[in-house]
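Starting off, we have a lone chain in the form predicted on its own, written out as structure tokens.
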Amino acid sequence: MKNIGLIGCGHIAETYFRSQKYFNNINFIACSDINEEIAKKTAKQYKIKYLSEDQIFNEDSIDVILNLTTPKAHFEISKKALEANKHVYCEKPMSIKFNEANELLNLANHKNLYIGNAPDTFLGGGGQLSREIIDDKIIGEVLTGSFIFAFPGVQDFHPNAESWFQEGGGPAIDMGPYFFTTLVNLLGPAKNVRARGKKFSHQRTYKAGPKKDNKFDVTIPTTYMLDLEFQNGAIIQGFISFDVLNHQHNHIELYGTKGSMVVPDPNMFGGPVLISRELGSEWEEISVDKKPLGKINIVNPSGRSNEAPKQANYRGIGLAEMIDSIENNRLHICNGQLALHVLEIIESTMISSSLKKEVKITTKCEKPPTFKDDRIKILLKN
């Protein structure tokens, strides 16, 4: 077990604190936030220490920094943690800029420290069952497919929505990590991307919170359409948008030489997975409810298209697996090289849409190893 110091006490922090209920090697001992009042309130709620930013980096009893700050701050906080000789696990994305993320990975390697990164949802029952189906060639070789994330944007409910619509935000940075990481897990590393981006409005209006009815500026594209080619030859079409009120598409569909597969929501851990192996056949539904990271454990009626209100959410398994890897001297699954590759896909999508041409992916990463149930059970509390 490693002692963890959490930086960033916003909404996602509650999810990570809840991970202590599920995993036996996660131990939060301190928290910090740029908002001292929120940090002290969090510390009191979870019976841990409040520390200032300087204090948390210099606290000898802390082994790992969990970086839950805003995407713009990910680089700065992770770098400070590594310089303080702490291992780091960060929420997605690794940074908002590829060059910064590459610097972090090099620094971690130089100091022989671990740097891990969300998302870890692909380690769930849905992602791992999908991987088993592909590895077992049940649908043959994957040739092509599609994915979609589309909803109207966070201004409907979030009190400070600006960051989603300005530099460092946008649908590719916000939701791209889930889809791109899942696809790399299933198909291996990407080769190139061709994309088109569009900003459909210059301003948006708050629909909730203290700023309700006030407007804020939109400075970046809010919809991306793209074609992503993988090293194995598969070409996947993608659509990521903050401009869609509703839709009826599956999250991810993959089409192989022997059949087709519907991959469940990469933003969550559950299922089911659907496969069809004959023209016009009924879809076979395969449940993941009996998998250790597939069981329903939350109710979250988000209202987004194709998002089931009952979900499996085990965020924190990536952190738990990294801690176990540190203690057993092996490479963790949600590692920095994977996160860097995914970030390059994201950045290349935005560059491609701006330059209106294909962009080559320069990084390489290993296809993540499968995460077997027997290993998961070692990390679970009884």
Ligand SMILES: NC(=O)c1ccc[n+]([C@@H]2O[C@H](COP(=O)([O-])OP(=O)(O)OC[C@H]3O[C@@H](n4cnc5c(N)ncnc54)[C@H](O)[C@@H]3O)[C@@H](O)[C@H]2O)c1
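Here the structure is a predicted model, which means the values were calculated and not measured. So that there is no doubt, residue numbering starts at 1 and follows the sequence shown.
Below, we refer to the form predicted together with the ligand, which is not included among the displayed structures.
Contact annotation: of the candidates 68, 338, 350, 323, the single residue with a non-hydrogen atom within 4.5 angstroms of the ligand in the predicted complex is 68.
Looking at residue 178, you'd find a heavy atom of it within 4.5 angstroms of the ligand in the predicted complex. Using a 4.5 angstroms limit between non-hydrogen atoms, residue 167 is distant from the ligand in the predicted complex. Using a 4.5 angstroms limit between non-hydrogen atoms, residue 35 touches the ligand in the predicted complex. Put simply, residue 315 is close to the ligand in the predicted complex: some heavy atom of it is within 4.5 Å. Only one segment in the set 85 to 93, 286 to 294, 241 to 249, 200 to 208 has any non-hydrogen atom within 4.5 angstroms of the ligand in the predicted complex, and it is 85 to 93. Highlighted residues 131, 183 and 189: none comes within 4.5 Å of the ligand in the predicted complex, counting any heavy atom. Along 5 to 27, residues 7, 8, 9, 10, 11, 12 each place a heavy atom within 4.5 Å of the ligand in the predicted complex.
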